[in-house]
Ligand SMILES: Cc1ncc(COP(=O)(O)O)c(C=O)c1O
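Okay, so here's just one chain, in C-alpha cells, the form predicted alone.
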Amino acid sequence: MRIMPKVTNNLARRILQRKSDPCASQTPAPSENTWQQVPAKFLTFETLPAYTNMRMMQEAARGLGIGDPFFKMHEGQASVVTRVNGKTCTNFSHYNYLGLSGHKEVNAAAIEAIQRYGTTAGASRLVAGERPVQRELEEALAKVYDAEDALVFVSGHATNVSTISTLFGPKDLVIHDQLAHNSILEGIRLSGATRRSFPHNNASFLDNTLRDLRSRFERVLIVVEGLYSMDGDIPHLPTLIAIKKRHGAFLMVDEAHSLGVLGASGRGIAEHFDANFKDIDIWMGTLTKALGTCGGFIAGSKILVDILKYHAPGFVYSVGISPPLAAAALAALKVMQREPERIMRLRQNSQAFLDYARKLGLNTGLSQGFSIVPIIVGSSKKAVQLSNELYERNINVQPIIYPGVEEQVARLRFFLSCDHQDEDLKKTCQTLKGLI
C-alpha cells in the first residue's frame, strides 16, 4: 500500500516535535534537573499553612499554660465510662448513643462474619468485594427509609463527598445550611457546582434565595442535617419539603447524628415529624454513631443508587465495607428496632442533662436535648482549660475550638447515651458550674 506524502510528512513532524519536547522523555538527563532553582520553602512540608498554623496554636497553648486535650489514649471500648491513660472517667465524648458498640449480639455478629469472610472484602465491590452481608445491610437500611435501595460506603465522610460530587456539576447549584459538615462542603467543591449557604435553619432565607436563583441553574440540591452535631438542634423538615417542591429542587438530609436518635423507633427526622420519607430525594447516614460501627450509606431511588454504584469514586475505587463491620451494623440495627426503649432512655438522659445545665445558668446554645448538648464558654482558651480541669476530676469531654467553631462560641460538646446514669449527669453539670 502506497503511503501518501502528506500523511508521511505529518507523522514525521509529530515524531520530531515529540523528540524536541523535554517533557516527552521519561528519564531526563542529569543536566536537565531544575530542583536547584526551586525556592527552599517549596521543598518541605514545614512551610505549608496547615503546619505553621498548627505550630502557632501549639505554641500559644504552651505559652498560656494549657495542655493539649486532643489525641488522648482510650484503653477500652467507647462507652459511658472510659479509661484514659489509666484514669477511669465518665465519658461524654463518644457517639455510642444507644450503647450498641460492644453489645453482645453486635460483637457476636462481627465475630461470626470474621470466621466466615475474614476481616476484609479484599477488593472493590464492583469487581470481587461483594458479600451477602453487605446487601443484607443495605436492604435493611432501605426499609428504614422506605426507600427502593441503599448503598453502603466505607466512610461517612467519603459518602457525602462522593455522592454530591458524582451527582452534580458546574451547571448546578448546591445550597446548604451554614453549619453543614465539612464532608458536604468538600463534596460541593469537587462537584464544581455553584455553592450558596443560608443562615442556620433560616427557611425563609432559603426560600427567597431559590426564588432569585433557581432559573439560572439546571439541577439544584438543598442539603441539611437531621441533627446538627455542633449545636444539637434540628431543622423543620416539613418546611424544607415544601420549599424543595416549590422550586423544583432535590433535598438531601444527612442523618449521621439523627438515625437512632429522632423518632419513636429511631428512624430519624422524617419519623420525628411524621413526614413522607419519599419526599426526601437523598438520605445519607452513617454507621458510626447509633449503630456503633464504621461507614456511611445513601438511601433513595434505585436509579440514584445505581448511578452511585457505578460512578461514585468513594465506592467504585474503594475496597468494599469490611464484612465484620457490615454484620455488626446490621445486628445493631436489629437491636435498635427490637428495643425502642433505648431511644427513649437516650431522650430522657439528653433532656435531663439539658435541664440540669440550664437551671445552673450554663449556656446550652441551640440544643434541643437530642443526644448533643454544647456548653458555650466563649473562648478557645477557656474551652481547653475546662476540658483539662474536668479530666482531672474524672470527666472526659472534648472542647470545640476555633476554627471548628467561631471563637466567641467555643464550647464543650457533650454527647449523651442511653446508658448514662442520672446522678452522673447532675454531678457533671454541678462540677462544670463550679469551674466556670
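A residue's number is simply how far along the shown sequence it sits, counting from 1. Remember, predicted model here, so these are calculated numbers, not experimental data.
Note that the form predicted in complex with the ligand isn't included here; everything after this is about it.
J.: Since exactly one of 125, 342, 157, 267 fits, which has a heavy atom within 4.5 Å of the ligand in the predicted bound form?
T.: The option sitting close enough to the partner is 157.
J.: Of the options 101, 163, 286, 322, which one has a non-hydrogen atom that comes within 4.5 Å of the ligand in the predicted bound form?
T.: After the contact test, the surviving option is 286.
J.: If we define contact as a non-hydrogen atom of the residue within 4.5 angstroms of the partner, is residue 95 a contact of the ligand in the predicted bound form?
T.: Yes, contact at 4.5 Å.
J.: Does at least one non-hydrogen atom of residue 247 fall within 4.5 angstroms of the ligand in the predicted bound form?
T.: No, no contact at 4.5 Å.
J.: Closest heavy atom of residue 254 to the ligand in the predicted bound form, within 4.5 Å or not?
T.: Judged by the heavy-atom cut-off of 4.5 Å, residue 254 is in contact with the ligand in the predicted bound form.
J.: Contact between residue 295 and the ligand in the predicted bound form at 4.5 Å, heavy atoms?
T.: Although the ligand is absent here, residue 295 would touch it in the predicted bound form, with heavy atoms inside 4.5 Å.
J.: Any idea which of 299-307, 131-139, 213-221, 178-186 reaches within 4.5 Å of the ligand in the predicted bound form, heavy atoms considered?
T.: That would be 178-186.
J.: Would you give me the residues of 222-244 that have any heavy atom within 4.5 Å of the ligand in the predicted bound form, in order from first to last?
T.: Contacts from 222-244: 225, 229.
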